[in-house]
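In the form predicted on its own, a lone chain appears below as structure tokens.
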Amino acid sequence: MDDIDRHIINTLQAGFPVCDAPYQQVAMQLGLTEQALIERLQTLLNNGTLTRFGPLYHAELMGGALTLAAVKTPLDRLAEVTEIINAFPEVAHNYARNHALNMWFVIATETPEEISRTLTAIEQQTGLTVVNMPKINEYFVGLKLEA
């Protein structure tokens, strides 16, 4: 990653314009061509520097639902259970934790009713009890990581 990539990452963390030509607008701000910006973003995604570039939606304001869930996975089944859980399109994040509940994941669904259906399906496919930890309060943290 060079200084231009760092500048791209740091700039995009502050926002992405909603307009007819957002890449072109950002590229002009960065002193790049639109094509160069798109190619650099694709390279950062391809080489794993970025794992995702896209919008974040407030699912609940759109009628959807989110919850944090966890399972206690036997260590010898960690890879298998990870694969099962990650196969659900409703699973947005999945992380191993150093905790009795050693796998935590976020489920995002189009309707609140789908949360319980997804949790049940994960239990059925993994044979493990899923602990549901729904959000009680929401706090906004403006996290920005300097590249």
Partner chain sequence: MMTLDETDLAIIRATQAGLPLTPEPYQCVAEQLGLTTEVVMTRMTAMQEQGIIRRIGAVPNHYKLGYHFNGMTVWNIPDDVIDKLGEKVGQLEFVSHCYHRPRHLPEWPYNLFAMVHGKTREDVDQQIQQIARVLGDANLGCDVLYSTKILKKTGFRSRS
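Note that the rigid core is defined as the largest set of C-alphas that superpose within 1.5 Å between two forms. Residue numbers count along the first chain shown, from 1. Computed from a predicted structure; not experimentally measured.
Not on display, but discussed next: the form predicted in complex with its partner chain.
Exactly one listed residue, out of A121, L30, A36, L45, brings a non-hydrogen atom to within 4.5 Å of its partner chain in the predicted complex: L45.
Taking non-hydrogen atoms only, M1 approaches its partner chain to within 4.5 angstroms in the predicted complex.
For E80, no non-hydrogen atom is located within 4.5 Å of its partner chain in the predicted complex, even though that partner is not displayed. The closest non-hydrogen atom of S116 lies beyond 4.5 Å of its partner chain in the predicted complex. When contacts are judged by a 4.5 Å heavy atom cut-off, I9 counts as touching its partner chain in the predicted complex. Looking at 91-115, the residues that come within 4.5 Å of its partner chain in the predicted complex, counting any heavy atom, are V91, A92, H93, N94, Y95, A96, R97, N98, H99, L101, M103, W104, A108, T109, E110, E114.
Superposition on the rigid core between the shown form and the other one places the CA atom of I9 2 Å or more away from its counterpart.
V26 shows a C-alpha shift of 2 Å or greater between the shown form and the other one [criterion: core-superposed Cα displacement of 2 Å]. Comparing the forms between the shown form and the other one on their rigid core, the Cα displacement of T49 reaches 2 Å or more.
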